[in-house]
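Listed next as structure tokens is one chain, alone, in the form predicted on its own.
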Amino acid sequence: MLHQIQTDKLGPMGSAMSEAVSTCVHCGFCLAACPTYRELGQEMDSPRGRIVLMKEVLEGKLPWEEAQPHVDRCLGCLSCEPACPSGVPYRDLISPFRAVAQKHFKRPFADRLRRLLTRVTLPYPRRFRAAMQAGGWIKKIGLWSPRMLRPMLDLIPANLPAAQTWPEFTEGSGPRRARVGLLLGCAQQVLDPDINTATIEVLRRNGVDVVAPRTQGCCGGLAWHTGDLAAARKFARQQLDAFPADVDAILSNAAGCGSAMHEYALVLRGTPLEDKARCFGKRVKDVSSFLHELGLVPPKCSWPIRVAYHDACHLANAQGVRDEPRSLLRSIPGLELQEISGGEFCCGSAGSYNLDEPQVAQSLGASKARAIIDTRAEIVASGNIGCLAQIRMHLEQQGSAVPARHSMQVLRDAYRRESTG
């Protein structure tokens, strides 16, 4: 347990942080798995090093400001968790620590402004689309922009897809096999709305009724992973109210969102909704995991194509979903699935990490793109919009035309080949 501090002074998440710290035996197995340690080579930028720093802060031996740069550089990819022989629940430490830290120090003005711009736009699709359009215009005509905004402008695609809408209810085709709720996401609705369209079509073809509540909102993952506890709780409460009880599962097609919803019990710890949040989290599944359990109706037509699969960190590490999307893709006749060298490492997207730590994100994204190109795949598939946006940008920067597609888009396109011959 932590010494020299009282965990109750840390709020309702104090016990979770204490347990995570005390479980670590400092063996160092996490170092080789950590992308920032590989990039920066500093002990303080590894999970073990960060745990020591956070422990020192929580015990009052180290100022918050001294630990924060290293804590900020954590991607939150959780690659340390499967590598840890002691089972340290690192996720129970990093996000709660960031939330507590906000009360103890003040960030530089540029950081606060950048985080504010992200906080008031990205979780709201209409605002985010307007911001992306404005940024695209600034980028196109070459207007001067502050250095802190340039990483944001770099992420804006040359052509923003047209907005799409989805019915609140879509009936499955053929015998009804299940009824699910679907999270539509926020950034995804702007950057690649076709992912939701493809997901609904794949579910419909598998006899699944899809409910997409109009009252749903952002999952709160961005707020939670950057320490904005108040906003994370607001979004969590909104989701708890939005999704009906009469569904077999609540599905996410974005790894980061699914991971965040699994953590609602921690987000809402110490509130009257903690138990409800825990039950909610147990109903949340990634769409690939759900379809694998249900038993996918495989596409019938052969599609001789080489596809590389990229593991989204919050799917593989946070949710333990690795084999399921691969199994779904292999169900497509003729498809050849390729593994990516160094596939266990993060692509550098990690929510708003691109904006907060652009140099590390750039290096990780470039490495991932090179590894994808080396597979000679015709498509790269993944299960998270942040990863797809990052990979697209870096493939383009390296002159590659390989399209980055969600696994559900690949499946949907395979089904459509049945009607086109």
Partner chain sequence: MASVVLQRLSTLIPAERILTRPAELASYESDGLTAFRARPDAIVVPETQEETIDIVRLCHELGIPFVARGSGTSLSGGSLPVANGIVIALNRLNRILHIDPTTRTAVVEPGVINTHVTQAASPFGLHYAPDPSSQSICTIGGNIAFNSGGAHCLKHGMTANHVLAIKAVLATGEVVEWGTGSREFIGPDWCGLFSGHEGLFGIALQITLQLLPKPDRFHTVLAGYQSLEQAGDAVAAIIASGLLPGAIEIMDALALEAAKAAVHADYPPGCEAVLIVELEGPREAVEVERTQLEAILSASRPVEMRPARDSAERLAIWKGRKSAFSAVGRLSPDFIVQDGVVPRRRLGEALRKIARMASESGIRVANVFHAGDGNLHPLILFDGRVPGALERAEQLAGRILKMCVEMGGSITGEHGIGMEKREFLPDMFSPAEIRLMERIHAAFDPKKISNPGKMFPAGTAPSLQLHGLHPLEKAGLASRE
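Positions refer to the first chain, counted from 1. The structure displayed is predicted, hence computed values, not measured ones.
Heads up, the form predicted in complex with the partner chain isn't pictured, but that's what we're talking about next.
Quiz item: With the partner chain left out of view, which of C84, A316, I200, V307 would have a heavy atom within 4.5 Å of it in the model of the complex?
Solution: Filtering the options by heavy-atom distance leaves C84.
Practice problem: Indicate whether the partner chain has at least one heavy atom within 4.5 Å of a heavy atom of E56 in the model of the complex. | Solution: Judged by the heavy-atom cut-off of 4.5 Å, E56 is in contact with the partner chain in the model of the complex.
Quiz item: According to a 4.5 angstroms non-hydrogen atom cut-off, is S22 in contact with the partner chain in the model of the complex?
Solution: The answer is yes: S22 has a heavy atom within 4.5 Å of the partner chain.
Self-check item: 4.5 angstroms heavy atom contact with the partner chain in the model of the complex for L31
Solution: It does: once the partner chain is placed as it appears in the model of the complex, L31 has a heavy atom within 4.5 Å of it.
Quiz item: Does the partner chain come within 4.5 Å of any heavy atom of Q42 in the model of the complex?
Solution: Yes, Q42 is a contact residue.
Quiz item: For the chain shown here without its partner, which stretch in 382-390, 34-42, 349-357, 368-376 has non-hydrogen atoms within 4.5 angstroms of the partner chain in the model of the complex?
Solution: That would be stretch 34-42.
Quiz prompt | Candidate site R48, L62 and H70: all three near the partner chain in the model of the complex by heavy atom within 4.5 Å | solution = Result yes, every residue of the spot touches the partner chain.
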